[in-house]
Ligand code: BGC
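To begin, one chain is listed below as C-alpha cells, in the form predicted on its own.
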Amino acid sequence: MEFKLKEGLLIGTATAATQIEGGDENNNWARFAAQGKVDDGTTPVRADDHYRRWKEDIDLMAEMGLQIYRFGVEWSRIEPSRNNFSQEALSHYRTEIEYMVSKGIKPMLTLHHFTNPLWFEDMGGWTQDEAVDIFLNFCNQVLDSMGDLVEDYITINEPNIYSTNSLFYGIWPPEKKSIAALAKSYTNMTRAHIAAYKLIHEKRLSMGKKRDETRVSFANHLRIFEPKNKGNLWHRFSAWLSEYLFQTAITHSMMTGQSRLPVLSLKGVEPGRYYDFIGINYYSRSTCSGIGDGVREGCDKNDLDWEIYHEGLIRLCQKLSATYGEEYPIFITENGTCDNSDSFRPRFIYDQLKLISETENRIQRYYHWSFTDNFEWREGEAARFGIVHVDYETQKRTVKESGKLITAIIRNQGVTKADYAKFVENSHYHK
C-alpha cells in the first residue's frame, strides 16, 4: 500500500442546489446571470439538470461507492414567495433523500448555500432585520418535511464568502460595497445559525430522535493567512488582520454566541456551544503583503490560480480543535480543486487524503468538492471542480480518473501501489 486510509474516515462529495439543479429562475443568481454578469455568459438555469436527473446521479454515487453526500435544498423552490411553501418541492426533496438512504449513502443537508429567493433578496436579504425570522420559518418547513430522515445538517455555508463577495467587494449579487451591510449580514447570519441550531435539535427531539443522533454546525471557508515576508511588520499585521476580519471573528461568533467585530451585538443570544462538529471548507493559502488575498510566488496552482497547499488543512484542524474542543469531530465539508482537464486532481486527492491519514487529527468525514462539474458562481461553467465530467450540451455524465481513484480508495481503504501507478504517478501540478 502507498498509504492506508485513516481508520473510520468516511468519504463522499458535496454539492449546492443552485449549482447543479437547473430549471429555477426565482433566485438571485439566476437573475444575476440573466443580467449578463457571469464571466462566461452561462446561467444556473441550465447547470446539470440534477432536479430532473437526481435518480441517475444518486445511482452513479452508489456505483462509485460514495459513503456520504452533502447537498442543499433550493430555498426559492420551496418558498417561491413569502410564506407560500411548495409542497411539491418539499416532497421532491424528501423522495430524493429517501432514495439516497436506500442506496446506503448518508445525507448531510445544507439549508443555505449562497442563493436567496428573489423576494428575500429584494427585501434586503441578510441585511434586513426580519432575515433571521424569515430564514427560521423556512427551516421549520424543511424540518417538518424531511427532518426525520437526516441526522447531519449545515445551517449556513460560508457566511464569510457570501458576505464579503456580495456586500464588501461587490462582485456577487447584490453588488454592494458597504462595511455597514457586511457587518449586518455577518450579524444576522450568526443569529440565524444559532436559532437554526436550536430549532433542528428541538424538532428532531420532538420526532423521537436522541440528541446525539443529530449533528448540526455551519461550513466556514477557512484559509491559511501568512505574510509574504515574515520579516516585514506590515506583512505580518496584514496577514493577522485579514485572517481576523475574514474568518476568526465570524467563526468564534457563530460557534459560541459571543460576538466579535465586525459581528455586531448579539443581544438576547446566550453564550454557549452552537456546533456538534467542526465544519471546515478548505481550498488554499493567502500570502499577504497588504489587507486581502495574495498568491505565493512559484507555488503549485490550480486552474483558478489558487495555491495548492495541503498542509493548511491540517494546520486549521489542529488550531480549531485546540480552540473549540478536541473532543469534537471534524468534518471536511468541502475540499477540492479547479482542474479543467483532470490532469492533477488525482494527485491532489492522493496528497490530501494521505496527509489526513498520516497526521493525528479528529477528521471523521471528507466531502470532496464536488461530485459533478457545475455552475461555479461568477466563473460559470468554465471552472470544473467535479470528479464526474458533465457535457452541458447533452448532460452526459462521465466518471473522471479522479472519480475512479476515489472509488478505489474507498474500496481498498487506501491507495495500493497498482492504483498509484494507474491514477497518480503521471498526475502533476503546474506552477
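When you see a residue number, it is the position in the sequence shown, counting from 1. From a predicted model like this one, the values you see are computed outputs, not experimental measurements.
Beyond what is shown, the protein has a form predicted in complex with ligand BGC; the following relates to that form.
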{"item": "Stretch from 202-210, 118-126, 266-274, 155-163 whose residues place a heavy atom within 4.5 Å of ligand BGC in the predicted bound form", "value": "155-163"}
{"item": "Exercise: N281 in contact with ligand BGC in the predicted bound form, heavy atom 4.5 Å", "value": "yes"}
{"item": "Partner contact for E376 in the predicted bound form: ligand BGC, 4.5 angstroms, heavy atom", "value": "yes"}
{"item": "Close approach of H113 to ligand BGC in the predicted bound form, 4.5 Å, heavy atom", "value": "yes"}
{"item": "Proximity of W306 to ligand BGC in the predicted bound form, heavy atoms at 4.5 Å", "value": "yes"}
{"item": "Listed residue that, although ligand BGC is not shown, lies within 4.5 Å of it in the predicted bound form (heavy atoms), from R285, K184, H235, H221", "value": "H221"}
{"item": "In the predicted bound form, residues of 6-37 near ligand BGC [heavy atom within 4.5 Å]", "value": "Q19"}
